[in-house]
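Just the one chain here, the form predicted alone, laid out as structure tokens.
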Amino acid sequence: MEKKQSLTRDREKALKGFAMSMDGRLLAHLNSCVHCGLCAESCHYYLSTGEEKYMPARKVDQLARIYRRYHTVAGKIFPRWIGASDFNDQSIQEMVDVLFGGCTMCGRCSLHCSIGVDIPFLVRTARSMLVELGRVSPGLQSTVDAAVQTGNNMAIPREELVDTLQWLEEDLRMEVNDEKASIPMDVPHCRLLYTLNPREPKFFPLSISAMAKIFYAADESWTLSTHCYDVTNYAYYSGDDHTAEELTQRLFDEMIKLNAQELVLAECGHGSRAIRWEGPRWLKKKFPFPVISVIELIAGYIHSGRIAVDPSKNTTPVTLHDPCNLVRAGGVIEEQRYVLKKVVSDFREMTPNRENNYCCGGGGGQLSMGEYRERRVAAGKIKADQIKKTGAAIVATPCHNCIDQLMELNKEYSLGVEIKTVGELVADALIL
């Protein structure tokens, strides 16, 4: 009896939160879908399965039916006549399965929507309701919890991070033959505060080495924080605005504490979107410092001649995967192309590319939700086929979530390619 009452209270809280978020933007997008079906052909989940429940318009309907049931007169009196539905166990389970397990919020559907419905926004709104019910995927929630409790989503102890950075610094000094080369930690008053994806110190330390080498070549004034450095914000994916705000505030406070001039976001699609574009909304204030992607920074280095590169050092054919949140939602599109064309001698575009590029399947928090792995990898076949058609031997992508997914697709579909960050290719091409 007590459990049933608790569930009822949670549902009421979720519905109340939904009502409080109901502004003009939400109402416009909830009521605009004309069910033309154009969005279906844009979704890698629908294309890979053919199941109607994965059509983006059907995902919109899951939230729209609840809206009609509780916020329209007809829905309250004759719910079945207008396709309204109760916010009950069945509808909640359907939302969890499709909106968490069958959507990366990549935004390709909105790009092809005849009306311009912001489908990822509606999906995230529905996920926010599920947060109130405690129905976030356990893997995704544990990733968020780790960031809150330890300061990074991989729960890396500070001592472990410092040890990693110290031996990477030793390697850097040997590589550039300069004892003064460094990976600065917690240094105040630098021009740049550089962030990391925790997967870098944990699994991909060469990504850190590459950026340290680029900063060395540019003679940059920069530092890493060993207390708050995580560029990711998985609360953006879970729909938990309160926690997303807390994580953003921590990075904001670290910038102020170290008195850095500019915040540089590591190669991470959703991190770039969460901090740069969603962050001011969560904090309800503008950042008093510039926030840019490291890809934009590197492009500026090359364009200004601050670093010299030689494309003949990278002769293997390279293609580019566009991270959805960096490209479709962030507007960083041509910079990575400019950089790659300067540092590799054989660059090949996927088709389609740029804003039209297919999601790899690693976004939306999918990599942390193990229960949907089989579905995620199957939906990634479209991306695997894109890669094959280029004939490239290296896939570059400025996002570690994408790298993890692409590595799985590489194995699953026997692509025989190497996956690299853009920074790694730049470091390989440097003329010191």
Partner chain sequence: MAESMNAARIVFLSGLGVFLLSAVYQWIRVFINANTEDFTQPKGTVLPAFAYALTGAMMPHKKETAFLHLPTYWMGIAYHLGSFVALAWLPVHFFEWRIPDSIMIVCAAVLIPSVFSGLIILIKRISVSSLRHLSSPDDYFSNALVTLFQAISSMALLGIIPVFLVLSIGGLLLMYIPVGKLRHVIFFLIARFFLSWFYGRRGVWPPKRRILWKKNNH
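Numbering follows the first chain given and starts at 1. As the structure is a computational prediction, the values presented were derived from the model and not from experiment.
Keep in mind that the form predicted together with the partner chain is missing from the display, and what follows is about it.
A heavy atom within 4.5 Å of the partner chain in the predicted complex is found for exactly one of Arg199, Arg328, Arg124, Lys213: Arg328. A heavy atom within 4.5 Å of the partner chain in the predicted complex is found for exactly one of His189, Lys76, Lys180, Lys284: Lys284. For Tyr358, a non-hydrogen atom is located within 4.5 Å of the partner chain in the predicted complex, even though that partner is not displayed. Within 4.5 Å of some heavy atom of the partner chain in the predicted complex lies at least one heavy atom of Glu41. Interface residue remark: His303 is counted as part of the site for the partner chain in the predicted complex, having a heavy atom within 4.5 Å. Taking non-hydrogen atoms only, Thr143 never approaches the partner chain to within 4.5 angstroms in the predicted complex. With respect to the partner chain in the predicted complex, the three residues Ala155, Thr195 and Tyr372 uniformly fall beyond 4.5 angstroms at the level of their nearest heavy atom.
In short, of 397-405, 26-34, 383-391, 362-370 it is 26-34 that has heavy atoms within 4.5 Å of the partner chain in the predicted complex.
In the predicted complex, the partner chain lies within 4.5 angstroms of at least one heavy atom of each of the following residues of 105-134: Gly107, Arg108, Ser110, Leu111, His112, Cys113, Ser114, Ile115, Gly116, Asp118, in sequence order.
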